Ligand SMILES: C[S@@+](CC[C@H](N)C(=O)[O-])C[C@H]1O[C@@H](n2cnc3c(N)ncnc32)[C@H](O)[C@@H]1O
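A single chain comes next, written as structure tokens; it is the form predicted on its own.
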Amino acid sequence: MTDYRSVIKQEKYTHGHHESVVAAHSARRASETAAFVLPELKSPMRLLDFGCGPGTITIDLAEHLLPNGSVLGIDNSKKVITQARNLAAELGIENIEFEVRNIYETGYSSASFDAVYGHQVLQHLSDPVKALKEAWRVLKSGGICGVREVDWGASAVFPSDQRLCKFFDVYNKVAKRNGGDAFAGRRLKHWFINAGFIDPTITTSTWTFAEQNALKWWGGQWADRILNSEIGEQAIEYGFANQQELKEISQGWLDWLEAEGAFFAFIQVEAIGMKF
């Protein structure tokens, strides 16, 4: 069997798979992340979830497609695929599979899925249009592709803090150096059109953090990730920040989440394209 990890160019995933990252991704659920496309997904569809990570969204999608639908989740990280398989087995989800594959060239037959879904994946790819063209290829005629991407350039934060301004600067530079795009949301329609999807439906939603538990979750995870995940390692490697600056950014997040009136929000852009 061909190992598609070896024949496809490996992308540099900005976030990496440190436990702080995987824990944050494990908190995601389809009821929020896929709300824009869930009404279009019905049994007995077969769905491909690319960049599935630890599988929590994928499992929700599988349950949504019961009794006769099924979901196949792919990711190029063996670590998270193993975690996803274990979680599905623990929950007794049977209409689901997970495989280590690459969205640039999945290896699946053309016209083999009714739907394709991706959450926060294209922003990390050096060639998002190529990924969407592969999604288009594996879709059946009349099939749909639903994708959601953040736009870090559409962020609102209060109170203002130079340490958080430094965070955005470092994050954007690391993402760009890795071939990704921190402003992916605004380009999603353009990418879909260039991949062959005619007149995609575009919507937006907002991630908002203002309630205390939400503030602690958001600020706390980034205080951890900037110090311990691959984002911080890459920032130092590329010369965008030193260890002391990362410590200051981390403390900036911790101070922010305790600040009076603390608030953070940014938009998510969602696209649904059909293969005609």
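Residue numbers run from 1 along the displayed sequence. Just so it is clear, the model here is predicted, and its values are computed rather than measured.
The next section is about a form of this same protein that is not shown, the form predicted in complex with the named molecule.
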property: 103, 145, 174, 184 - the one with a heavy atom within 4.5 Å of the named molecule in the predicted complex; result: 103
property: Sole residue of 138, 121, 150, 195 within 4.5 Å of the named molecule in the predicted complex, by heavy atom; result: 121
property: is_contact(residue 51, the named molecule) in the predicted complex, heavy atom dist at most 4.5 Å; result: yes
property: Touches the named molecule in the predicted complex: residue 88 (any heavy atom, 4.5 Å); result: no
property: Close approach of residue 125 to the named molecule in the predicted complex, 4.5 Å, heavy atom; result: yes
property: Non-hydrogen atom contact residue 13 with the named molecule in the predicted complex at 4.5 angstroms; result: yes
property: Heavy atom of each of 28, 57 and 75 within 4.5 Å of the named molecule in the predicted complex; result: yes
property: Options 184-192, 107-115, 77-85, 151-159; stretch whose heavy atom lies within 4.5 Å of the named molecule in the predicted complex; result: 77-85
